[in-house]
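Quick heads-up: it's one chain on its own, the form predicted alone, in structure tokens.
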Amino acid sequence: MWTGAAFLTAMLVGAPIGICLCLAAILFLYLDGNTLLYASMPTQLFDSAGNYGLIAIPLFILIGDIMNAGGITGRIVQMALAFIGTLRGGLAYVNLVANMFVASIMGSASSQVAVMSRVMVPEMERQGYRRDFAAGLTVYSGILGPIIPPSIMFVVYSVLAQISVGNMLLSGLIPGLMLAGSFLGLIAILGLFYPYPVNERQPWPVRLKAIIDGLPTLLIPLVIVGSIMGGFANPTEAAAVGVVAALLIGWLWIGDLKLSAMPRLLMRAAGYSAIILFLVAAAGVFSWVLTYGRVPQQVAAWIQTVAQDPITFMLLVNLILLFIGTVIDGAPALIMTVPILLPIATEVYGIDPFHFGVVVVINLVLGFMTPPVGLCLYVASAVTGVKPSRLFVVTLPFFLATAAILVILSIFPFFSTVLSR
């Protein structure tokens, strides 16, 4: 109890989550009277951050930064507009499809929402869409970022769970497409009640030029996902090749990326990566202390009194994680919950770790879009000027669609595990 109180107090006063985890671990050992284990904590910190798969994180972040600086996002939007922009409500579909392509490169919900809000919302408003709808659609399109590979959260989960990073990334592909499909269907249904504007039909030469200009950008997700699925490279190697592809496309093909900007992009990626890697290291210490204190076993004993079968357990986990995700950011929430819940899922209920990872990550990403914290709501609000409360009201149908997909994924593991076997 005192350990939990110390953790919450440190978090409420604004201490970084990694520091909170380390303080909680130190206090736990002190109250237990086993202070001799303090000498092992630096080793645990170092070992937790020494996993080879973690190298993929700064590379994925760098890909996203290069893509933004190199004008790749704009080419993807124009290509999507050339394909489906002439449909009724076409720009809404373009927003989602473009976000799906960007998600296959960026792997970060908040970064994706920030970029696409600047690109899509003003254009949708100019074409006659309500600003709050355009911003809300962009927010929920951002949920695809941490689901469709590459995904920083899947990499972190894989390290925590000690499973294959490549297979975990592949596990998110079908669920990500299911989410995208449900959003496309929802846009069509909403179009029956709201008068979506119709875009002007572009001449074929203009559409063809947009497609030709945008096609090279698809090399980035093809290199990353294709090399992993084909067994030619592991996720870290694929991410490295993806960086080179993004650099060459932004610099030589599009021409918007200047090599003089690379030091700034590298420093930005390094800073964000350091935050995540310290979280992972602190989580290793926290998990080590929890195992020593037999906390997972105690939680498992309580859960078994409530959940008698795997499906009930998964639905209970959905409720718990959705609540946690609304008040704690995704990566820290992942790091705090996986060491406790994963052993229960795999050892007590026999749930596949890849299946469990997909459900956990989608739950926590959904928290990005949900008050009171709702990181992506606040990012979109800062960019577009729409109040976060209004964004949540507008996006409620997308919230319900995501929740429905989560229930399906919780009950049927096939969708999450078919590509990882």
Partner chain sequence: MGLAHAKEPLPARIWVGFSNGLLFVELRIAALLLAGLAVIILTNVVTRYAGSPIYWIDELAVFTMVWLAFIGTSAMSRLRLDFAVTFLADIAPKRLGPLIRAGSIVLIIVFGLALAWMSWIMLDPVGIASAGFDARAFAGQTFNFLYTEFTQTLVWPRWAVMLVIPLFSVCLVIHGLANLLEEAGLVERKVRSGFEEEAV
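Residue numbers count along the first chain shown, from 1. Definition used throughout: the rigid core is the maximal C-alpha set that superposes within 1.5 Å between two forms. Because the structure is predicted, anything quoted here is derived from the model rather than measured.
In what follows, reference is made to the form predicted together with the partner chain, a form of this protein that is not presented.
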> Wondering, does residue 42 line up within 4.5 Å of the partner chain in the predicted bound form on heavy atoms?
Replying inline: yes
> Is residue 27 close enough to the partner chain in the predicted bound form to count, meaning some heavy atom within 4.5 Å?
Replying inline: no
> Using heavy atoms and a 4.5 Å limit, would one call residue 208 a contact residue for the partner chain in the predicted bound form?
Replying inline: no
> So in the predicted bound form, does residue 232 come within 4.5 Å of the partner chain, heavy atom to heavy atom?
Replying inline: yes
> Which of these stretches, 276 to 284, 249 to 257, 91 to 99, 71 to 79, has heavy atoms within 4.5 Å of the partner chain in the predicted bound form?
Replying inline: 276 to 284
>> To verify the annotation, which of these, 315, 114, 177, 184, has a non-hydrogen atom within 4.5 Å of the partner chain in the predicted bound form?
In response: 114
> So which of 215, 192, 267, 301 gets a non-hydrogen atom within 4.5 Å of the partner chain in the predicted bound form?
Replying inline: 267
>> the partner chain is absent from this chain, but in the predicted bound form, do 120, 324 and 411 each have a non-hydrogen atom within 4.5 Å of it?
In response: no
>> Within 4.5 Å of the partner chain in the predicted bound form, counting any non-hydrogen atom, which residues from 44 to 81 show up?
In response: 45, 46, 47, 49, 50, 51, 52, 54, 55, 58, 59, 62
>> Checking residue 96 here: with the core superposed, does its CA move 2 Å or more between the shown form and the other one?
In response: no
>> How about residue 140 - superposed on the rigid core, does its CA move between the shown form and the other one by 2 Å or more?
In response: no
> 2 Å or more on the CA of residue 289 between the shown form and the other one, with the rigid core superposed, yes or no?
Replying inline: yes
